[in-house]
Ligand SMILES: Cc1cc2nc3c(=O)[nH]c(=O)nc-3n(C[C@H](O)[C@H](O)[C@H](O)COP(=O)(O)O)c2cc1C
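One chain comes next, on its own, written as structure tokens: the form predicted on its own.
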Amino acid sequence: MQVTEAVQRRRAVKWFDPDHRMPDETFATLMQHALLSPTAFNIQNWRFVRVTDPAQRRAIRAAAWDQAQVEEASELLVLCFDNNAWDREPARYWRLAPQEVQDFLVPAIGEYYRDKPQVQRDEGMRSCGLVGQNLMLVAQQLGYDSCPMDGFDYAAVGDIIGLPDDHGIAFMLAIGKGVKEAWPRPGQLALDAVMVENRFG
């Protein structure tokens, strides 16, 4: 499947086969490609909570307006981010780079993020958005549908998964074998409605 086809076919599917289990090797392929997603300064600040426990799934469903895909999808990932990833042994992010690159970039990481909680959070949201798109497109290529979700009580889900205080949740992603077509596309805006040339008027 070409990338363009995956983009065109990817839809937010909400109805999944509850009896389907994703093979371990398929899940491994999915996550291997997730780890190739870009992050600023290569800090890899995404954190993935794979929810497999049925009781946790039920509790999350209750915190997500009783949306069935939380329980019925083969996989449920809570896409989180570590606000302090930039400060956790930052040299490891550039260990394979030439020494002169390490000498320049590793100190720059701290200069960019230190004492800037909003920048740290914004970076986490950006990183999770990028990795989420990778996950959805690779899932599509592997024959799976997906549904990105922000319709849930973030604090309640944070409690259920034991979210550390210095982490945040961006969104959840349900992945499985769809059993019903997504609703028709409701209407995409024309390019000239969303793009300006050089600057806003």
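Treat the numbers as computed from the prediction; the structure is a model and nothing was measured. Sequential numbering from 1, following the sequence displayed.
In what follows, reference is made to the form predicted together with the named molecule, a form of this protein that is not presented.
Checked against the named molecule in the predicted complex, the candidates 53, 150, 159, 166 yield a single residue with a heavy atom inside 4.5 Å, and that residue is 150. In the predicted complex, the named molecule lies farther than 4.5 Å from every heavy atom of residue 44.
Heavy atoms of residue 11 reach within 4.5 Å of the named molecule in the predicted complex, making it an interface residue. For the chain shown alone, residue 26 is not a contact residue for the named molecule in the predicted complex, no non-hydrogen atom being within 4.5 angstroms.
Residue 39 falls outside the set of residues with a heavy atom inside 4.5 Å of the named molecule in the predicted complex. Picking from 64-72, 44-52, 137-145, 26-34 the stretch near the named molecule in the predicted complex, with a 4.5 Å limit on heavy atoms, gives 64-72.
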